[in-house]
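Presented below, as C-alpha cells, is a lone chain in the form predicted alone.
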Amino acid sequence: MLLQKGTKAPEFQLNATPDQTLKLSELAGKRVVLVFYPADWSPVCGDQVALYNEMLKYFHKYNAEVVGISVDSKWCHMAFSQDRKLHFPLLADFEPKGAISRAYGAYNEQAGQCLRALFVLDEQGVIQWTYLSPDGINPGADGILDALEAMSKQKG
C-alpha cells in the first residue's frame, strides 16, 4: 500500500552517483516529485524518464525537483543517465535492496523491483499526491502537473 496524502515522506540518503549521495532533507523548501520505477533499461521506464527530462522546465516553474528511484546500482544509473542525457538524479535503492521503496509502499516483493509509483511532496516533505501505475504503462506527466497546480492554488 502506497503512502498516502498527508503522510510525512520518509527521509532517505541514497547514492546519486558512485561517489555522491542525496538526502531528501537536502531538498527542503522545494516540492519534490519522487519517481519510483522498475528498471533503468526497460522500454517503458526509458520513455517515462525521458518525458520527465523534457518536462523539467515545467516542473521547475512550480519549484519542483524530480528524483528517480529504482533498485538498480549506482553504476547502472550512471550509465543510463549518461545515455539518456538526464538532468535529474537517479537514486540507487540498491542495498539493502528496496529499503526506501518498501518504506514508501512502492516495492514489488515478487519481482524484486520498485513499483511504478509517483509521489509529489510539498516544501515541508509532506506527500500531497500519489499514483500507482501498472508496470507496463507510462503514467505520463499530467497527474504530476495537476498536483503541482493544485498545490499552487492552495497557497495562493
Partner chain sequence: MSTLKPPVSDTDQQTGNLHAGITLVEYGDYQCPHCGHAHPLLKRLIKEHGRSFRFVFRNFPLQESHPAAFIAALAAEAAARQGKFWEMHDIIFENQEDLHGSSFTQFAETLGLDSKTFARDWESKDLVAKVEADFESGIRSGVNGTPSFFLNGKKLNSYDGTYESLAEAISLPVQGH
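Numbering follows the first chain given and starts at 1. In this text, all values refer to a predicted model and were calculated from it rather than measured experimentally.
The discussion below concerns the form predicted together with the partner chain, not included here.
Taking the partner from elsewhere, K97 is found to have every heavy atom lying beyond 4.5 Å of the partner chain in the predicted bound form.
Proximity of E11 to the partner chain in the predicted bound form: non-hydrogen atoms within 4.5 Å are absent; the residue sits far from the partner. Taking the partner from elsewhere, E54 is found to have a heavy atom lying within 4.5 Å of the partner chain in the predicted bound form. Taking non-hydrogen atoms only, A50 approaches the partner chain to within 4.5 angstroms in the predicted bound form. Judged against the partner chain in the predicted bound form with a 4.5 angstroms heavy atom cut-off, the residues Y62, N138 and D146 are in contact without exception.
Proximity to the partner chain in the predicted bound form, taken as heavy atoms within 4.5 Å, picks out 84-92 from the listed stretches 84-92, 25-33, 113-121, 98-106. Residues of 1-17 that come within 4.5 Å of the partner chain in the predicted bound form, judged by any heavy atom, do not exist; none qualify.
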